[in-house]
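Consider the single chain below, provided in structure tokens and representing the form predicted alone.
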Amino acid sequence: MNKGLFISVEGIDGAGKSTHVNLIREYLESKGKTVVVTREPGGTELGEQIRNLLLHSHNMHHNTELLLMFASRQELIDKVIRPNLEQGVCVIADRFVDASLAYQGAGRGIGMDKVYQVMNWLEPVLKTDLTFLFNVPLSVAFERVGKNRNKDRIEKESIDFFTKVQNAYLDIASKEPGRMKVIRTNRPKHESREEIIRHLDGLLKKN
């Protein structure tokens, strides 16, 4: 049985991740693929408990945040991602390891080296086949988040924090252009959709 495709979506809140996850899922299903969608932090019973701690606890040490993110991620890999990929199921992850590099490594100032050290603990160490980085000006993202819901602990961070996060994401994309595709979402939806589908078709042809 062929291994399932592993696709992640990244970007700050308000960049359009959730909107386009459904598009990716529906397009893969239209091509005959079975698809599972996960989210980080969360995605398992324990992971959802960790998510609640991460999003709503106060005065959390940056290292604690980093380790909790990876604890949730390890459970997700073991319980959901790896078993499905091995069964030929495609997995779409709403955030994966790139998020820790951007949010904790850059945003929190922990440093990329420390994040990579923790990444090496994961069993197994997985890399996505394709990652979409949804990107909009920070002002647009902030406006979208403000309209849609009450902000959690991380969403309440400063513009300086999110500038660091966004720059880190773009730096990763510049270093791994084959894996990470930057999708601008402050434009007509059909343009973003066409670009996403083009990248998905390219991935499907390889597999």
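Since the structure is predicted, the reported quantities are computational estimates derived from the model, not experimental observations. Numbers follow the displayed sequence, beginning with 1.
Below, we refer to the form predicted together with thymidine-5'-phosphate, which is not included among the displayed structures.
*How about residue 55: is it within 4.5 Å of thymidine-5'-phosphate in the model of the complex, going by heavy atoms?*
Residue 55 belongs to the contact set for thymidine-5'-phosphate.
_If we define contact as a non-hydrogen atom of the residue within 4.5 angstroms of the partner, is residue 17 a contact of thymidine-5'-phosphate in the model of the complex?_
Close contact exists here: in the model of the complex, residue 17 approaches thymidine-5'-phosphate to within 4.5 Å, heavy atoms only.
*asked:* I'd like to know whether residue 99 contacts thymidine-5'-phosphate in the model of the complex, with contact meaning heavy atoms within 4.5 angstroms.
replied: Flag for residue 99 set to yes.
*Check whether residue 94 has any heavy atom within 4.5 Å of a heavy atom of thymidine-5'-phosphate in the model of the complex, and answer yes or no.*
Result yes; residue 94 sits at the interface with thymidine-5'-phosphate in the model of the complex.
*Option from 137-145, 38-46, 25-33, 171-179 whose residues, in the model of the complex, bring a heavy atom within 4.5 Å of thymidine-5'-phosphate*: Within 4.5 Å of the partner lies stretch 38-46.
*Decide yes or no: are 13, 69 and 104 jointly within 4.5 Å of thymidine-5'-phosphate in the model of the complex, with each residue judged by its heavy atoms?*
Yes.
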